[in-house]
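As structure tokens, one chain now follows by itself in the form predicted alone.
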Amino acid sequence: MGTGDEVVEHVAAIVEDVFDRLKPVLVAVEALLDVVDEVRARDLDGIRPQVLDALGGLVIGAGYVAAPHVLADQEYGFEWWTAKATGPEQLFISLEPGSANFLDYTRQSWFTVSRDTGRRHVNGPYVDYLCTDEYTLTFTVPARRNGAFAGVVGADVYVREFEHVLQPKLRRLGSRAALVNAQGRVIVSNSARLATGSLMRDADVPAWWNAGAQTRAGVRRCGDAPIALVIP
């Protein structure tokens, strides 16, 4: 029976790899915002090479999502691409607040947590109705202009791909185990009774997280990520 060290280390490595992929995108975004006085939507094309380079590995979507009024010619805007079998595809959604199809991305937790904390964040699992309709983890870091919040740079990872690489290690633990987010919601488990998106009630993970997420019997944080390994 394993101790979980291998799972914890692997999750932490995956998280760091995704955030490392976003670093060039963040540099490109902040450079664009610093150099151009009035950034327009079409100017975001300039960060496209870095966004496309971020795709790969477990990352199936990546890009920049602007804070309101950062762009000079429209209130909302983004540059986001998704990896497809036929090649990268750009995401287009309605950005008109009066439109019936408008989705206010500034209310999404992958946007608000990085905005409000000023720190990187891993959001999910959630069904990404905005982009892929799949259970997804979204990784975001805040972008700044002259020190002020200017949006987020982010990446999407399918939960099924996350599960594919971690499931063998979870199975080797030899007992029921799950990777959960800070709310105790299951991301991946080795039990059919702990489906993705369900709540794991064996451990009060939210209370443990709010108390500082120190390692205790049966619950361990995976590196700097808001992901915990629970072996009840």
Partner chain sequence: MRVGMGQARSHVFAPLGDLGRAEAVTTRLTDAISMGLLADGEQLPSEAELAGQFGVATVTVREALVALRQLGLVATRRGRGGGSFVIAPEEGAPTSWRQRLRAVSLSELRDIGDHYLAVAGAAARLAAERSSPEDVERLRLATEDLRRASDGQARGADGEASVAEGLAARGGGEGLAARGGGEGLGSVAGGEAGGEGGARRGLERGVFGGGGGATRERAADGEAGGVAERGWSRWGEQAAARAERQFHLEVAAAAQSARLTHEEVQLQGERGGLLWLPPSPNAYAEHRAITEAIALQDGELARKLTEEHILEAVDRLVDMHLALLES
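Numbering follows the first chain given and starts at 1. All values derive from a computational prediction rather than experimental measurement.
What follows is about the form predicted together with its partner chain, which we do not show.
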The single option of L91, L103, V141, A83 touching its partner chain in the predicted bound form, heavy atom within 4.5 Å:
L103
What stretch, of 167-175, 180-188, 41-49, 22-30, brings heavy atoms to within 4.5 Å of its partner chain in the predicted bound form?
180-188
Should R107 be counted as a contact of its partner chain in the predicted bound form, where contact means heavy atoms within 4.5 Å?
yes
Mark G98 yes when one of its heavy atoms lies within 4.5 Å of a heavy atom of its partner chain in the predicted bound form, and no otherwise.
yes
Does Y76 make contact with its partner chain in the predicted bound form, using a 4.5 Å heavy atom cut-off?
yes
Partner proximity in the predicted bound form: R201 to its partner chain, non-hydrogen atom cutoff 4.5 Å:
yes
Which residues from 109-131 come close to its partner chain in the predicted bound form, meaning a heavy atom within 4.5 Å?
S109, N123, P125, Y126, V127, Y129
